[in-house]
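Just the one chain here, laid out as structure tokens, in the form predicted on its own.
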Amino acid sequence: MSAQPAPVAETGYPWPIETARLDNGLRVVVSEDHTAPVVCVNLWYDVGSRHEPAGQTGFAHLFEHLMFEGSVHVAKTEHMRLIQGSGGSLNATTNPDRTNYFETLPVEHLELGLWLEADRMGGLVPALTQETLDNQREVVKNERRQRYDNVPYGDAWLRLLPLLYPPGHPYHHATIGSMEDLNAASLDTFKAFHQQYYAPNNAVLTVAGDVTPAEVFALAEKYFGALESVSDIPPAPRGHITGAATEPVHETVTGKVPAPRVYLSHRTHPFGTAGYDAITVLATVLGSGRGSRLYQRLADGARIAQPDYIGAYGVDLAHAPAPLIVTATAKDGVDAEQLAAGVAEVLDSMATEPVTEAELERAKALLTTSWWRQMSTVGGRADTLSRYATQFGDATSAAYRLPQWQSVTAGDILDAARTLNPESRVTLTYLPDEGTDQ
């Protein structure tokens, strides 16, 4: 195992960062902070829906559930009981780029968190049974019904992805995946997926809080050091797309929704690039809060959009041009065509009306507040460091995100806006089904 201290930018991340790599390839990141006697254990696995081959969509997300269902030395539901019984909190999430697992604990229970994570990294497959798999498949089906299928506008993300990315692209499908794929796969197929991706050399372990690097590196070696690396982890399919889309795409959905809603979307730049930093600030000017252009012009001005359902945001995907999404929901008496025209007009204004100094300062203030809110907890810090270590190979590069947002100029935003032309735009429209009760 080798360890090294790392320099940290003066702004963005003022806490120390040290890194090490175990002999089995596990990268360990430690950020020491003795402000409070708490610690976060955070694991990022470099596996998300973009890694799933044809016929195995939804696997990464299903394992987010299965990883809480017991391992060699931990009984079913025991992981949650042990963490919560020790005064801790825990969760996990999946997105197209990765899966993460995390616990925040009183510092005296650090070893418990590390032991639990190591046991399910190396010991899930021997404990995985057909009964557990079948049970969690049903849980995921119910999650799909509750979050996507039976919620007004709930399937928007599932519809936008295939409109934005062509068939075969790793971002073409959503993390929830295909219920047909989940039903068709055998227990052995799921076990093979875990053995392929849930390996120490495909993970980053970050510990932030009331610890020392030497302590964490020793404990990481104790609990994870004996786990074997995997030599043949398959790379994700290439996400490269040359240029913007060359023609607009439209889809209209009629269903059980209370009012017309429109989503306008563009592929932009990968997260972590200067181009995406400009898009992030642009989206904040365009759609964050009551001072945004969308709110001022469509909710307060023209009064065609509902004030609580209007916004713009980027989806922070790192391995292909990430989407910008702009959305609004119509007020009573406003039809979809009027709403879509209004949203498009405000979006297009970003290329014809340069942002004012006040708009730019406001957007940067909002992003600065958001950044420091994330950094205000050991959990937020640990997850951020895991992200930058996983996606960019360097946890310390997290310190430069805020300065890069702050360095974006009005000219940068204008240049970014001029790439968001109607010829490359995806438009998804929802219409109420007048024949059904909403």
Partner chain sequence: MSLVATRPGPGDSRPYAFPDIQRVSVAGGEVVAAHMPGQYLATAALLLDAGGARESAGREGTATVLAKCLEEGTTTRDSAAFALALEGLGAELSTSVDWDAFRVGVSVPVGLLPRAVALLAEATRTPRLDPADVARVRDDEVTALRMDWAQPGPRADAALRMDLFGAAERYGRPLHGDPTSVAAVTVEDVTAFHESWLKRPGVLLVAGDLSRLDLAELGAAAFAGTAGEPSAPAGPLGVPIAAGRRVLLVDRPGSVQSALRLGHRAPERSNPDYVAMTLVATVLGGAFTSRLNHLIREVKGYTYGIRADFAMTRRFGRFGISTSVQTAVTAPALTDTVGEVTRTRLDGVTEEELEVARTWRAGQLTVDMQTPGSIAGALATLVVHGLPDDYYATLRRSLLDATVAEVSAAAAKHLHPEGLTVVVEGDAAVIREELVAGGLGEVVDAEV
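Numbering follows the first chain given and starts at 1. Bear in mind the structure is a predicted one, so any value in this text is a computation, not a measurement.
In what follows, reference is made to the form predicted in complex with its partner chain, a form of this protein that is not presented.
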property	result
Contact at Leu133, Tyr171 and Thr189 by its partner chain in the predicted complex, all three, heavy atom at most 4.5 Å	no
In the predicted complex, Val378 touching its partner chain (heavy atom, 4.5 Å)	yes
Contact of Glu69 with its partner chain in the predicted complex (heavy atom, 4.5 Å)	yes
Contact of Arg98 with its partner chain in the predicted complex (heavy atom, 4.5 Å)	no
4.5 angstroms heavy atom contact with its partner chain in the predicted complex for Ser265	no
Contact residue in the predicted complex, chosen from Glu108, Glu180, Asp316, Glu345 - any heavy atom within 4.5 Å of its partner chain	Glu108
Candidate from Ser349, Thr254, Gln84, Thr129 lying within 4.5 Å of its partner chain in the predicted complex - any heavy atom	Gln84
Per-stretch contact check against its partner chain in the predicted complex, the hit in 163-171, 246-254, 337-345, 148-156 (non-hydrogen atom, 4.5 angstroms)	148-156
Heavy atom contacts to its partner chain in the predicted complex at 4.5 Å, residues of 202-237 in sequence order	Asp210, Glu215, Lys222, Tyr223, Ala226, Leu227
